[in-house]
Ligand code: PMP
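Let's start with one chain on its own, the form predicted alone, as structure tokens.
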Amino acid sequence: MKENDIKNLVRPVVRSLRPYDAKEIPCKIKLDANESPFGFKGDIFRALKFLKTNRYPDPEAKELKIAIGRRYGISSENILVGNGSDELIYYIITTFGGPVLHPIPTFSMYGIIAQALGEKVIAIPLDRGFDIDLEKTLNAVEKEKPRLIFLSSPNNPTGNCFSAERIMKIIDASKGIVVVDEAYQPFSSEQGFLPLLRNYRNLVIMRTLSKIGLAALRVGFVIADAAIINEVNKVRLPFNVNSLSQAIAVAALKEKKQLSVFIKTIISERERLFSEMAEMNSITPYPSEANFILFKIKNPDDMYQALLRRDVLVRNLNDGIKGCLRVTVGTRQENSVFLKALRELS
């Protein structure tokens, strides 16, 4: 069979897709993927002592849901666990369909998955302050009647929290489901939307363990009204979260002090990064509530390559946000190397 014959068999909506770019570029200092520079080791792996590799994982992830529930003060019936947030986005769109509305720039998987599933995507540009354009969004809600709205707050890649007032107006106006993706909320000074779940049955909160030192596990979860959880659970693949990930995640969630140290250290280093970058000529860092900083710079493509030659990998966002790069907060040593290189190159 020829290559063109294979392409002709592919659904048109998939044929036109561009895959998510998650290239692994060898580099000593990796500050491109919004991972935590800190991870768990030692005692936490005792959780694997009784793991039976010949048995399928718990299909309902009962212990993990109990651990999540204890951490956030919610019932297990309001939680659904997935193989990372990506899988949960896929399940939510599969369950409710489209149109799917989201702002841009934002986490690209909302649009990629919606398009792959053949759903209409409505992308509304953010305003000049990287906040939701409320007027355009509400007009789209009224006209297009989206079944799903995805709002990432703090937003990736801009780092800011959207206006809570604007999000509330969108929830009030929507006849569909509003998903507030709080992947980066642990690093934010704002409370988040969990306290509002009881009052808004169409609100879904999405969280992940990937940003707090457990990216290798691929554990994400949604918190929502039990009726929503029951419907999304119908399309969930059996045994979707493996036993190893479940066991380590349960153990890690018990390490409250260690998690708190990780998060506080990242926030402290983020503030140091921002402060020093703000003093550099021709660099404009944007305030962040996440574990990364978006910054504007002259000749971003050249700077990206120059940093790479010094073994410092950041994310080049010039195609999506003109003139911008994004740096993940690393260890103090990694951040110092980045700052020194940036200072000498700018």
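Heads up: residue numbers just count along the shown sequence, starting at 1. Predicted model only: the values in this text are computed from it and were never measured.
Beyond what is shown, the protein has a form predicted together with the ligand; the following relates to that form.
S.K.: To verify the annotation, which of these, Phe187, Tyr91, Phe107, Phe130, has a non-hydrogen atom within 4.5 Å of the ligand in the predicted bound form?
M.R.: None of the other options qualify; the answer is Phe107.
S.K.: Quick one: of Ser85, Ser174, Asn78, Ser245, which gets a non-hydrogen atom within 4.5 angstroms of the ligand in the predicted bound form?
M.R.: It is Ser85 that has a heavy atom within 4.5 Å of the partner.
S.K.: Decide whether Ala183 counts as a contact residue for the ligand in the predicted bound form under a heavy atom distance cut-off of 4.5 Å.
M.R.: Answer yes; at least one heavy atom of Ala183 falls within 4.5 Å of the ligand in the predicted bound form.
S.K.: Does any part of Arg236 reach within 4.5 Å of the ligand in the predicted bound form? Heavy atoms only, please.
M.R.: Outside the cut-off, so no.
S.K.: Check Arg270 for me: does it contact the ligand in the predicted bound form (non-hydrogen atoms, 4.5 angstroms)?
M.R.: Outside the cut-off, so no.
S.K.: Can you work out whether Thr158 and the ligand are in contact in the predicted bound form, taking contact to mean some heavy atom pair no more than 4.5 Å apart?
M.R.: It does not: once the ligand is placed as it appears in the predicted bound form, Thr158 has no heavy atom within 4.5 Å of it.
S.K.: Could you tell me which stretch in 195-203, 271-279, 222-230, 148-156 has residues with non-hydrogen atoms within 4.5 Å of the ligand in the predicted bound form?
M.R.: Selected stretch: 148-156.
S.K.: Suppose contact means any heavy atom within 4.5 Å; which members of 189-210 contact the ligand in the predicted bound form?
M.R.: Heavy-atom contacts within 4.5 Å come from Thr208, Ser210.
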